[in-house]
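A single chain, nothing else alongside it, follows as structure tokens in the form predicted alone.
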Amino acid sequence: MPRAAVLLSGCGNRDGSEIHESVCAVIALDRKGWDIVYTAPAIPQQKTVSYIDGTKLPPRNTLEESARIARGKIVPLNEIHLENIDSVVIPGGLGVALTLCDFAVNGASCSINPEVNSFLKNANELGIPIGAMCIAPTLVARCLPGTTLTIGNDRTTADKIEKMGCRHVECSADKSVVDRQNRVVSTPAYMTATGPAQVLEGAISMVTALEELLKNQRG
């Protein structure tokens, strides 16, 4: 049974992981028989807001908030052992672009949280395929220059991805883009999706591609 580490950034699209995308990723993995371990860095969120009126709230802990999606069963990122992981999946949501990296603030000049950066680079060096949804490809672009990615058809964001040394390919919400050389799969999710059904189709496409990368690696 392959195991996926689902990397979360909080709980909710405005300041953490997008909940629909996280659930769709988990459903796609579960339907294929994957074992799932949820993880997040134990760091303060860079932004926390009210989902009723958008007002700023006191900072919350990324790991604590992510545990809501994981139903309490979550492992701090610094305790994940990559030798036990077959793939990394990163749902979107503004937490990816605020807390895991600061793309939402600094665009193509963004930086990544050091713990997250080391985790993704080490995974890539070990040949572990990475799946990225929605805005998460911007995180991958900063970490792994030279990668082919998609965020759908948002030209402004695509231009910033290309400024970070990556190639952007347009893609519909129900599909995914595969970079076989760098072992990265990305899907637009709510960058273009009109509802959760399209997000789920894109997640299924992503997980199928991750499985193909694993199969080719094992020969």
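Don't overthink the numbering: it's just position in the shown sequence, from 1. Quantities reported herein were computed from a predicted structural model and do not represent experimental measurements.
One more form of this protein should be noted, the form predicted together with a further copy of the same chain, which is absent from this view; the next part is about it.
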| property | result |
| --- | --- |
| Which of 151-159, 31-39, 180-188, 165-173 sits within 4.5 Å of a further copy of the same chain in the predicted complex, heavy atom basis | 31-39 |
| Interface membership of residue 145, a further copy of the same chain in the predicted complex, 4.5 Å heavy atom rule | no |
| Residue 210, heavy atom within 4.5 angstroms of a further copy of the same chain in the predicted complex | no |
| a further copy of the same chain contact at residue 205 in the predicted complex, heavy atom, 4.5 Å | no |
| Non-hydrogen atom contact residue 77 with a further copy of the same chain in the predicted complex at 4.5 angstroms | no |
| Partner contacts for 16-42, taking a further copy of the same chain in the predicted complex and a 4.5 Å heavy atom cut-off | 18, 19, 20, 23, 24, 26, 27, 30, 31, 38 |
